[in-house]
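Shown below, as structure tokens, is a lone chain in the form predicted alone; questions about how it binds or moves come after it.
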């Protein structure tokens, strides 16, 4: 596909890198010559210098032949105008990054009037991800599929967990009453494995399990991991993520405190969030955090614009015994190191935004096949969980799984048929209309026919 990325910042560069890796024809537009040189040197892309909201610049970049234009500059207004002009000049699809809460109320109207096919708000998407983690504090990450019927949950195995040290095939026999979940993927020492029956979970492993919501809840209850209920949360940094998150969780009865060092921003937050406690002060000072009751918190989220501050305060919160600590970090290369320090819940707005946009792009590759309905990246992008809706006429329909050719490094994790969740075995088959969840130790899969064939 021909894809035009306007804005060569963190998000734009990461998107271009991923799209080029998936063999799309990518052109980047930006006014900053130095960042364009960096992209030309490191990525297999074309670069055009200029204003992305300028029609002549877009024409120079080939917008009239573009399948998708992605506007990811720092300005919401520029992104919206860019999409409007691009669609008028012939671009087939448009995606705009729109971050300002002021636009959130009228987003549907803006999309309709400006011809924006997808609007992505990184901060709001990140807040939604954090709200899930606060509802399930025992998990490092959680994602739902098949309209919420199936959940994929990541947790770190500890020495005293009853599933540690037992081959997976023997768990049901040795642990009577253990709810049956699928062990979809395990990360150990930086390597990802799709486990078989002989696999043995060790302490320190990051384990991904899949099941329906009732079973997954019962599983973690059996392991004794879901006893914590989050009632008090402290958020470090009064930015947009904290604003959106407070708006989401305060109505759930969770008491929220936001620490903000800027006095004017703290005043503005207190006016827009009357049900939230706003604390004006330096959240990197240990004495201040202690005075404001950090030890009494059920959860702490470090959400400032500085990854280093988030890391240090997150580690301090862990040392103070806060049960659930979440750290915002956009430096993907550091995630393995941070996780090794004991910080399991690492949130990256950049990664969340890219995953959402890549899902949209993959769902529109070509005109045939069974396309991606949902995409979720596991273990820092080393594996992916993808949801497809099986289509009538595809070669795998009605064929037992044991008779299909399934790509190496992939696992058919779950089949959802008419609301019923099936953990499949060799004798099961896929029917048209089924929601199929696969786990793959590679990226770039855009069609279920790429994974399973007759």
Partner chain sequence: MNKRLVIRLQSSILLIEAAAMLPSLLVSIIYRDGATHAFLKTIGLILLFALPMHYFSRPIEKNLRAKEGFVTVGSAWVLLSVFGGLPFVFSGLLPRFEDAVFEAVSGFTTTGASVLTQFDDAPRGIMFWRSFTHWIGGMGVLVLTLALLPQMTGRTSHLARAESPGPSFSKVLPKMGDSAKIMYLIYAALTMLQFVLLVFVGRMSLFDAAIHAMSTAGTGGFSNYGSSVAAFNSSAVDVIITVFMIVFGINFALYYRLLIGDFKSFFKNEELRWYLGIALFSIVAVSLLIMPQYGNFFSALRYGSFQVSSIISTTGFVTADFDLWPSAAKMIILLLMFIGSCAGSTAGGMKVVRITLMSKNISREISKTFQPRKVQVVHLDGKGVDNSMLFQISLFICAYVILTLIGAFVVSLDGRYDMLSNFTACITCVSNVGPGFGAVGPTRNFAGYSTFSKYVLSLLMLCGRLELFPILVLFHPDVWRKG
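Values in this document were obtained by computation on a predicted structure and should not be read as measured data. Numbering follows the first chain given and starts at 1.
Missing here is the form predicted together with its partner chain; even so, the following discussion is about that form.
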### One residue of 407, 417, 391, 49 in contact with its partner chain, assessed in the predicted complex (non-hydrogen atom, 4.5 angstroms)
49
### Query
Is residue 403 close enough to its partner chain in the predicted complex to count, meaning some heavy atom within 4.5 Å?
no
### in the predicted complex, residue 35 touching its partner chain (heavy atom, 4.5 Å)
no
### Partner contact for residue 395 in the predicted complex: its partner chain, 4.5 angstroms, heavy atom
no
### Message
Is it the case that residue 26, even though its partner is missing from this view, gets within 4.5 Å of its partner chain in the predicted complex, heavy atoms only?
### Response
yes
### Summary
In contact with its partner chain in the predicted complex (heavy atoms, 4.5 Å), from 382-390, 37-45, 419-427, 395-403, is stretch 37-45
### Task
Note that its partner chain is not shown here; using its position in the predicted complex, name the residues of 158-175 with a heavy atom within 4.5 Å of it, in sequence order.
none
